[in-house]
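The chain below stands alone and is given in structure tokens; this is the form predicted on its own.
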Amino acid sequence: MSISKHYQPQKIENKIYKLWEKSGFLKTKISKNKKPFCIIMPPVNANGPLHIGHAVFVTLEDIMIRYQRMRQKNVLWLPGVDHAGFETQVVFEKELEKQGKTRFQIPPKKLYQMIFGFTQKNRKIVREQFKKLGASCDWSREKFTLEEGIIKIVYKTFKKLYKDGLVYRGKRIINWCPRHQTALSDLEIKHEIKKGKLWHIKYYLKSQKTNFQKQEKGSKNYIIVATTRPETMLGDTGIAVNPKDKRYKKFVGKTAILPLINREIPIVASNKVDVNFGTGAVKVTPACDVIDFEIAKEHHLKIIEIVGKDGKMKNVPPSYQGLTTLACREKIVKELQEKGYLEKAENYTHQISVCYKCKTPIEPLISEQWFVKIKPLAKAAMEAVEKGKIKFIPEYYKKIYFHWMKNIKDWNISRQIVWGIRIPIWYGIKNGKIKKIIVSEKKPKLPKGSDYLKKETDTFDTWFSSGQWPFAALGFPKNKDYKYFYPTSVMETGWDILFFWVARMIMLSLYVTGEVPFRYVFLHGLVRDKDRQKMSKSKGNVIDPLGVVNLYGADALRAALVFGTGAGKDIIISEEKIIGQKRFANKIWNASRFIFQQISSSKLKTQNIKLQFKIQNLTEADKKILNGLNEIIGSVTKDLDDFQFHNALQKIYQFFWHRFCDLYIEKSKKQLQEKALQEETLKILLYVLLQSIKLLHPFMPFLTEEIYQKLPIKNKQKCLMVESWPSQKPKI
């Protein structure tokens, strides 16, 4: 029962985690006599060490798991690692750059194997880091999104979507990164504010009486178009104005002449035109802009692809062919000015899209890609939330979810990268053209009328496979884990991926299994520093969670991440806040040490003490602390049931530090001097300590487990993690 003078987490945390692993309590054994509680861990990317954001979700999910385990439910926290497609390939490319290599120098199969080895090394590192944070996962069930079983389920889903007519191959505007040479999802682009120019260009109208060359000189018969990208005018096939804009009613239906190129283009009316942008008249370049593409479809305008996947000009006059878009812009602007087409150029601040990894400006390109018709899936996903089958915490995210789902567009699921799950498509080719499309993970027979088979080289968007994570990780449809734990209890993740991951999980899970993937969605905020600044390497305010653990212990970090932060709110973290929770850990340790010392110096047996006391022998101080404990048990239990983890921890903190330590322990020192009160006082001290560390265990598992192992009480469990959660007693 001896306890060291100072609390040193570095000496106990590894030892305690080994105790948990050795006990076997981390492994889930299905028991039909218990209610299930399951969290499928958001799979972490297998391309680097954990960061502070990972520490947040580990803490929150482990709180839920430990609490429900102590409520005697059959819990499963299934850990997982994501191959993370594009992001992992980019990280690996950086490793290659250090060696003076690029991925284009390595054969695809070899590159895949190299990245696979890279992820498996990181996977082991991440697993050990999770343990340092106290994650009480069932490691025997750990999954990787490129496991054979997961891939088979992903393929079955794709086949079902294709059979049901919900997957198609088509040409549409997509986000294209010229540097990484792949399509990107909306999540994989960032928006930056850029200072640039808004060029006002004269487009002369075609005249029936005079030819264009005569009309051009001195004529006022023109429409002025404003644009931030004059180089794309080479692909203009129309001009659009809003039908409600009175300024341009007389122009609709007429024909304009494209400057420099002399191509005839129609002037059309579309509600998609913003009357407040520029002059209210916009050029329509269908191959370079999503809205322009939609206007072109609406009015059957021609589509000319003028920017290649390398970011250089194509299908344009020889003088522009092969130029980068920026070089072409300079040339176009100069020529417009020289020939009198440029009305003016004004300073303009606008938003541009860039690749979230390399910051290269995104080129909106028309490309042949694989798409999912998402609206039919979204309808069922909205109904599930409307009927309360899935609840959001905080609830206000429900409105945001509905807003996005109602405005959802078809989903581009193909990526031009090596690393990932290959789309299971084969093309029967005849005379160089696709004659037959076959869905098959293995090479099929050559279809009749085809000269040869061509394999699809594109891989799935990571979100397509991770969108199936809840049922795929549990082994849909026959695995006993799936049958027992699905639908899962809670999906906990950051609010910033509500649309891109959570919504997709709901849609795909309902489509494949017919059931919702989880009952609750708990969303946490972003991690910010004490000045509420977003953490970034460039700002120098990043906190390394493992470095903090080495300095102050995992419990201090976990408590600091929860303390004072409600669901959905940004998490404010600083070294001072972590040190504050380390002081709390020291307080718990010192209070425990005091109690153990008093027991050792008393006549009580130092082992197997029965925590029973006679009510008639209790002092007013005894009654007050016991009643206070009962109140806090009820209040904390309700907070944890309601996912109000910050409130729960703050209440325990206040109770233990002030009501127990500052008040009762101080009063107990006098009571311990009286023989008639000594035994009851010691038992009450021990009882309140036991119940307190039970309440604290989900938040500070290492410290509380270490104290529990030293408690001299009867009927103790092998580990605190499987003790029963405290229950309220009648008021004394």
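A quick note: this is a predicted structure, and the numbers were derived from the prediction, not measured. Numbering starts at 1 and runs along the sequence shown. Between two forms, the rigid core is defined as the largest C-alpha subset superposing within 1.5 Å.
Not pictured, yet referred to below: the form predicted together with the RNA.
Chemist: For a quick test of understanding: in the model of the complex, does each of 597, 665 and 669 have a heavy atom within 4.5 Å of the RNA?
Modeler: Looking in the model of the complex, the three residues 597, 665 and 669 all sit within 4.5 Å of the RNA (heavy atoms).
Chemist: Given that the RNA is left out here, which of 564, 266, 628, 494 has a heavy atom within 4.5 Å of it in the model of the complex?
Modeler: Exactly one listed residue reaches within 4.5 Å, namely 564.
Chemist: Quick one: of 255, 324, 590, 550, which gets a non-hydrogen atom within 4.5 angstroms of the RNA in the model of the complex?
Modeler: Selected residue: 590.
Chemist: Please name which of the stretches 117-125, 137-145, 91-99, 495-503 has residues with heavy atoms lying within 4.5 Å of the RNA in the model of the complex.
Modeler: Correct option: 495-503.
Chemist: Taking the RNA as it sits in the model of the complex, is residue 71 in contact with it (heavy atom to heavy atom, 4.5 Å or less)?
Modeler: Although the RNA is absent here, residue 71 would stay clear of it in the model of the complex, with no heavy atoms inside 4.5 Å.
Chemist: I'd like to know whether residue 396 contacts the RNA in the model of the complex, with contact meaning heavy atoms within 4.5 angstroms.
Modeler: Yes, residue 396 lies within 4.5 Å of the RNA in the model of the complex.
Chemist: Hey, in the model of the complex, does residue 620 get a heavy atom within 4.5 angstroms of the RNA?
Modeler: Taking the distances in the model of the complex, the answer for residue 620 is no, it never comes within 4.5 Å of the RNA.
Chemist: Contact with the RNA in the model of the complex for residue 338, defined as at least one heavy atom pair within 4.5 Å: yes or no?
Modeler: Residue 338: no contact with the RNA in the model of the complex.
Chemist: Which residues, if any, of 651-666 lie within 4.5 Å of the RNA in the model of the complex when only heavy atoms count?
Modeler: In sequence order, 651, 653, 654, 657, 658, 661, 662, 665, 666 come within 4.5 Å of the partner.
Chemist: After a rigid core superposition, would you say the CA of residue 285 moves by 2 angstroms or more between this form and the one not shown, or not?
Modeler: Yes, the C-alpha position differs by at least 2 Å between this form and the one not shown.
Chemist: Can we say the CA of residue 615 moves by at least 2 Å between this form and the one not shown when the core is superposed?
Modeler: No; residue 615 is a residue whose C-alpha shifts by less than 2 Å between this form and the one not shown when the cores are overlaid.
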